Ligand code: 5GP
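As a starting point, one isolated chain is supplied in structure tokens, in the form predicted alone.
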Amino acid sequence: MPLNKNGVMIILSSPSGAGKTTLVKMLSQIDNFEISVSHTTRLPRVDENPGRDYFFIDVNEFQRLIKNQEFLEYAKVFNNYYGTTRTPVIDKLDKGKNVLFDIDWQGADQIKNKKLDYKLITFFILPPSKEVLYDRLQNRDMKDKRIVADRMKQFERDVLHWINYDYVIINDQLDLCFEKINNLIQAEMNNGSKDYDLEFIRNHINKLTN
């Protein structure tokens, strides 16, 4: 099947709390964009619904899926497993649907290494500052200071993976961040001009890591 008749894979990754899940949900409102729903062994948050946000399964079931090679990608993050099953994704792409992935850098690397015959666009979402990220994590369902501290330590490691993505976007104002991502997706899909300042991103990374 010609590549341009298939759907496009769009990955959004970020350190915990930078906003990728919200952005994926916003992008899914665009016509012909659908979210790939991951499996996870973690417990649902208060606002999450099984089958819509995640397929919540136990460790034994997750291990069975690994053994049967049913995952397109999977990773262990903060002591819980997350993974994307292959068949639903390929079915959507073959029907011309654009598939959105809300996954971390480990999953993104696995999908890239699969070298599937579908166009892939990858985004890494970053906060405007470590202080803003800390505030966001505290205001989420993470009142335990140890959990927030663990997330901040993980941030220091996660941010180093920005170099492996097509685009790095700073989530300062949500609507502007969404607009920038959408414009870049449309430019990639239609061979249009891309408004992207790599030097600005490099400077921002330096501020976050120093």
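Remember, predicted model here, so these are calculated numbers, not experimental data. We number the residues from 1 along the sequence you see.
Keep in mind that the form predicted in complex with ligand 5GP is not shown, yet the notes after this line are about it.
Contact check for Y54: a heavy atom falls within 4.5 Å of ligand 5GP in the predicted complex. For the chain shown alone, V89 is not a contact residue for ligand 5GP in the predicted complex, no non-hydrogen atom being within 4.5 angstroms. Residue contact check for T84: one or more of its heavy atoms lie within 4.5 Å of ligand 5GP in the predicted complex. Using a 4.5 angstroms limit between non-hydrogen atoms, S38 touches ligand 5GP in the predicted complex.
Taking K67, R45, K153, R146 one by one, only a single residue has any non-hydrogen atom within 4.5 Å of ligand 5GP in the predicted complex, and it is R45. Contact residues in stretch 85-103 (any heavy atom within 4.5 Å of ligand 5GP, taken in the predicted complex) are D102, I103.
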